[in-house]
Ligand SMILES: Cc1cc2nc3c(=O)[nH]c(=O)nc-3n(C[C@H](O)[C@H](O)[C@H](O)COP(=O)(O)OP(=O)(O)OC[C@H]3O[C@@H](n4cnc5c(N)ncnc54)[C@H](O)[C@@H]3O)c2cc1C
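Only one chain is shown below, in structure tokens, and it's the form predicted alone.
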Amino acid sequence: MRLARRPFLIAAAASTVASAARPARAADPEVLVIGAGVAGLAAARTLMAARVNVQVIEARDRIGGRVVTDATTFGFPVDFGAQWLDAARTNPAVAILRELNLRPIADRDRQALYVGGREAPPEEYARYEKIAGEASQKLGEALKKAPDVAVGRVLVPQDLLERLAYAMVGPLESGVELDTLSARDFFRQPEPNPEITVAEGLGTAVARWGAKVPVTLGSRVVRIDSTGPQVLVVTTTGQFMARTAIVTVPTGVLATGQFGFAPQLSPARREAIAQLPMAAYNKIVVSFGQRVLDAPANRAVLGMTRREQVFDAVVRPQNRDAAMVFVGGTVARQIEEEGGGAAASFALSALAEIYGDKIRSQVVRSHATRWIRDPFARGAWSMATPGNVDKRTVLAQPHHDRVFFAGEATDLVGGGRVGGAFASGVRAAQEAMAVLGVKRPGGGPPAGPAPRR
């Protein structure tokens, strides 16, 4: 079972990374890319390497999508978006760090377990590890008997420690509760270790990596029409035309019907969008005026409050007087719905149970993400409902031969992760190149479409 923290943590905050000058509009684009997140940028850069004219259209006022670093609010870089790259030995997105010559770091100390403000004794640590191992075995055995099953039918907690362990499968790992989590979708993910990040912030890295991509910012797509000789993309700032298009927006946005397609999406694709809903997962960052958290730098904390609400945290990140508290599933949704100071209140209460009420008087500032309410995401990442993992492949298939789909939701291996977004962008770019008859960079044959699995 994966005990590491979820690697596709996202947020709704605007980036404070300085926006470098970048080309805004390409001349006579051959491919239009909708969305300037990791998938869209990977698609654009792949096409640019093959000397294909590409234009990216982005609704936000920045690039990076669900990967964004705030470098000023707390006095040190904080990833309000994706923070870690998991399975670093095979994760294709690690190429971003290599290209920029950024030194990867592991930014967490060993994990501490707390229940109701009390640290678990050694025997409970040992039992926790046993529960985790047995949970993985139970899910594996269940998948031998059936193509898929809801995790909640297999993992039924009998006490608080089991609830805490199982939360690292459900809300704190996948952003959904166990009853709505597909065991197959959870198991198709690679083992996350090693997980890496960069001191500058992953969002900073992505912004630098995509700086030369031509992007029109603040342009919301209204309609994609591929019925004519060229693909027409109608936006709030004007119209764009090209031979092909790549759509990289999250399933949460596609599900709202914010923009239409001509011809209409097939019933199978619409069903795929519905069965790949967005998870609820948020980060709450709190900083203090002095050192009030008695913990080493980068201490990872997994806890359950006295009200039996689970949370995950990194205490004193980068040796700063601050804490990052992560919540998922039902707790994350409730906090978002309450709004106001509900998030900061939750984080401070959870931390105060461990470190004492003295921390409350030393709060300098706080920020909480509200990703479900973000109109350009509508959630954290995609998770397949039980029995619908194959819908990722359905969503990845071309629409009307010239409109391709990318984004983490379309990747069967890396769904919900930065690596999946990166890989999907490269795959969709290759599909577009095949339609255009463009050879791969380096003189290879034209790229073929993604295999139907």
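Here the structure is a predicted model, which means the values were calculated and not measured. Sequential numbering from 1, following the sequence displayed.
Missing here is the form predicted in complex with the named molecule; even so, the following discussion is about that form.
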**OP:** Could you tell me which stretch in 276-284, 263-271, 356-364, 342-350 has residues with non-hydrogen atoms within 4.5 Å of the named molecule in the model of the complex?
**Re:** 276-284
Original post:
Even though the named molecule is not shown here, does it sit in the model of the complex so that A39, V67 and R220 each have a heavy atom within 4.5 Å?
Top reply: yes
Original post:
Taking heavy atoms and a 4.5 Å cut-off, does P250 contact the named molecule in the model of the complex?
Top reply: yes
Subject >> Residue contact check: D411 to the named molecule in the model of the complex, 4.5 Å heavy atom >> reply: no
Original post:
So in the model of the complex, does F80 come within 4.5 Å of the named molecule, heavy atom to heavy atom?
Top reply: yes
Original post:
Looking in the model of the complex, any heavy atom of K391 within 4.5 Å of the named molecule?
Top reply: no
Original post:
Using a 4.5 Å cut on heavy atoms, which of V426, M48, V403, A59 is close to the named molecule in the model of the complex?
Top reply: A59
Original post:
Among F259, Y114, F74, F288, which has at least one heavy atom within 4.5 Å of the named molecule in the model of the complex?
Top reply: F259
**OP:** Counting only non-hydrogen atoms and a 4.5 Å cut-off, give the residues of 364-386 close to the named molecule in the model of the complex.
**Re:** W371, F376, A380, W381
